[in-house]
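What follows is one chain in structure tokens, specifically the form predicted alone.
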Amino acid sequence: MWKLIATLSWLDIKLRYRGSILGPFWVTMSTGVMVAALGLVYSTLFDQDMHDYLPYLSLSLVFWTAMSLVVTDACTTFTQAEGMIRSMRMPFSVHIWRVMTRNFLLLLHNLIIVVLVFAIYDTWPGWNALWAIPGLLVWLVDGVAACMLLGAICARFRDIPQIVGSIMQIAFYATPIVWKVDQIREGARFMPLNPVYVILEIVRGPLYGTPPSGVVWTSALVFSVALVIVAWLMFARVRGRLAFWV
């Protein structure tokens, strides 16, 4: 049902920015302003070379935005489709892929910022960027699992989205996004225990020209497998009740 999924995803974006002149490019513009502002401030605070720091920051913020949007939207995977779920028989996977497709389109908009920064500083990653493809596939699997898990839980408990939002805010400061791993020295060896860091790094690292280590990849796969198992067990248990919860 890919045509229906694509249509619903595009309709979601149009409705979200209805009446706006720039549409989803407002997100791109705000992210670009944030990259410029934080790059100027933190490069001074951390004594970083802008030629090296701004490409890192642009990658970090663009992919962090994509990750946080997927997690946030995952909480409303089924509640936002309440009318469709109650009125017609349709696979729940349609609503999951609707969320994933919508956020993929938004990610493509924001990647313009990364391309501009790379062009300005002439810091292209080269063939190392190909290592980001397996990382994006892991992101795809994790995103679907997150929609299954959070979508089901949040349909039953409506307070969970606020909790998830708070956790993501804490994760932003606890993860190397505006700062780098090597800045914490001895604490760097504990970073593979941070699931947000390893999931982010398997995509960001190759595009920055530094493919992630085997430890990072192993941690990312372990966390991903655990998420998939928990999501599958949860969804298989409650899928028959979702129509009553929404």
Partner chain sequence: MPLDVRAIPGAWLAYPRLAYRRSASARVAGHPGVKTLIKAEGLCVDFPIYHGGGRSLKKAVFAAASGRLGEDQQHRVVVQALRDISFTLRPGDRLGLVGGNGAGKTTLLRTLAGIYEPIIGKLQVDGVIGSLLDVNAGMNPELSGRENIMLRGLYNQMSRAQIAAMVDDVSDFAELGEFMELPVRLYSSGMGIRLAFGMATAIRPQILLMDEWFLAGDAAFLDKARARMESLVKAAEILVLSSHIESIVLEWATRVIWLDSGRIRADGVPQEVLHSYLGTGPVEVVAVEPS
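Everything numeric here is computed off the predicted structure, so don't read it as measured data. Positions refer to the first chain, counted from 1.
The form predicted together with the partner chain is left out here; the points below concern that form.
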| property | result |
| --- | --- |
| 4.5 angstroms heavy atom contact with the partner chain in the model of the complex for S93 | yes |
| Residue contact check: A236 to the partner chain in the model of the complex, 4.5 Å heavy atom | yes |
| Exercise: W232 in contact with the partner chain in the model of the complex, heavy atom 4.5 Å | yes |
| Partner contact for D122 in the model of the complex: the partner chain, 4.5 angstroms, heavy atom | no |
| Partner-facing stretch of 132-140, 114-122, 166-174, 80-88, counted where any non-hydrogen atom is within 4.5 angstroms of the partner chain in the model of the complex | 80-88 |
| 4.5 Å heavy atom contact with the partner chain in the model of the complex for all of M1, L15 and A243 | yes |
| Answer option from A155, V71, L107, L149, heavy atom within 4.5 Å of the partner chain in the model of the complex | A155 |
